[in-house]
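So this first bit is one chain, no partners, the form predicted on its own, shown in structure tokens.
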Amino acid sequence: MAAAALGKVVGPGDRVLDVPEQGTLRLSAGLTTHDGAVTSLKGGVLKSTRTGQLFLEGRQKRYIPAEGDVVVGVINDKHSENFTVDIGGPFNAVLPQLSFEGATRRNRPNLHPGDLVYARVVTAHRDTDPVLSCVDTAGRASGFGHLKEGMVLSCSSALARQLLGSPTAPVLEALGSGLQFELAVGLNGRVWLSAPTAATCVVVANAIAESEFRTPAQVRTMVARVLSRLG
């Protein structure tokens, strides 16, 4: 049933599909359940991740947090037990100070307002602030935590999902063949980028921005042309 609905364009409040009687239904951004059906909370195209989680891909500028999302956030404030973090949503998120690998009450992360973090959304409800964590389900950092130096660029949620997808996005595969850089991609439309030189950061940022509406072949040609200029 869900597979047949993939690719369907829906508007806010539309009935997307019936809740299946068997199996597990996993919903992400833009979807909820009501009266035995999956209902859309916004306009978009119904898609599925490689793990079978359904989501709506749209072009809205405001990010709506969903459980399981990975995000790039900016520390807004520091409190005795947690940090408040701007993730670009309707409300700030809460990041407990003990939600870091190796953190204890005596050994807490030394973060300050303006610092960047890569985190995952562990709870997201309409009536409460989202809660973040900088460890995976096994309690390991796994790439989450403080993002030092680098730069941040903005992109659409659709492009963010492309960059996080498997197999590797064509633009990242092409850039990685000739340049050294690190990325942390958030589904909130923020991408943290770090490279040995500022010039490399600019090249990678521009290539990512220009790749969104190009075919894989066009992306490879574009990146090859850029790399040839760098010599």
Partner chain sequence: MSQRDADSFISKNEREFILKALGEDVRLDGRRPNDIRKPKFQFSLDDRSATVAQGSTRVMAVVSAALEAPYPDRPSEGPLRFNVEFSPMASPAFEPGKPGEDAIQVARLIERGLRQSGAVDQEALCVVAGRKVWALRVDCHVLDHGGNLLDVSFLAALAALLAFRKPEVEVGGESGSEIIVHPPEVREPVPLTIHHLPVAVTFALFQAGDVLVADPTWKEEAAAAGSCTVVMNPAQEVCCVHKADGIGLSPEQFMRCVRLAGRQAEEVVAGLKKALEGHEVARVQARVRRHQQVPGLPAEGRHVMILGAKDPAGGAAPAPAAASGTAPAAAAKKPTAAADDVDEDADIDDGTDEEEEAEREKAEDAAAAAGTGPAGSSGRGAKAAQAGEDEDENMDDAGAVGKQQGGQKPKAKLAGPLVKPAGGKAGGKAAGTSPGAGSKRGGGATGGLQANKRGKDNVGFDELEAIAAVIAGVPPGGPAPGEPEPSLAAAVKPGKGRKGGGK
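Here the structure is a predicted model, which means the values were calculated and not measured. Numbering follows the first chain given and starts at 1.
Although not depicted, the form predicted together with the partner chain is the subject of the following passage.
Worksheet item: Could you tell me if Val202 has a non-hydrogen atom within 4.5 Å of the partner chain in the model of the complex?
Response: It does: once the partner chain is placed as it appears in the model of the complex, Val202 has a heavy atom within 4.5 Å of it.
Item to complete: Report whether the minimum heavy atom distance between Asp86 and the partner chain in the model of the complex is within 4.5 Å.
Response: Yes - in the model of the complex, heavy atoms of Asp86 and the partner chain come within 4.5 Å of each other.
Worksheet item: Do Thr32 and the partner chain come within 4.5 Å of each other in the model of the complex, heavy atoms counted?
Response: Heavy-atom contact with the partner chain at 4.5 Å: absent for Thr32.
Worksheet item: Might Gly102 be said to contact the partner chain in the model of the complex, defining contact as any heavy atom within 4.5 Å?
Response: Because no heavy atom of Gly102 falls inside 4.5 Å of the partner chain in the model of the complex, the answer is no.
Worksheet entry | Contact assignment for the partner chain in the model of the complex, among Ser177, Ser166, Thr197, Thr51, heavy atom within 4.5 Å | Filtering the options by heavy-atom distance leaves Thr197.
Worksheet item: Taking the partner chain in the model of the complex as the reference, which of Ser142, Asn82, Ser154, Thr123 has a non-hydrogen atom within 4.5 Å?
Response: By the 4.5 Å criterion, the partner-contacting residue is Ser154.
Worksheet item: So, Arg62, Pro113 and Asn206: all three within 4.5 Å of the partner chain in the model of the complex by heavy atoms, or not?
Response: The answer is yes: all three residues contact the partner (heavy atom, 4.5 Å cut-off).
Worksheet entry | Answer range among 156 to 164, 94 to 102, 115 to 123, 128 to 136 for contact with the partner chain, defined in the model of the complex as heavy atoms within 4.5 Å | Careful reading of the contacts points to 115 to 123.
Practice prompt. Scan 8 to 24 and note down the residues that get a heavy atom within 4.5 Å of the partner chain in the model of the complex; none is a fine answer too.
Written response: The stretch 8 to 24, when checked against the partner chain in the model of the complex, contributes no residue at the 4.5 Å heavy-atom cut-off.
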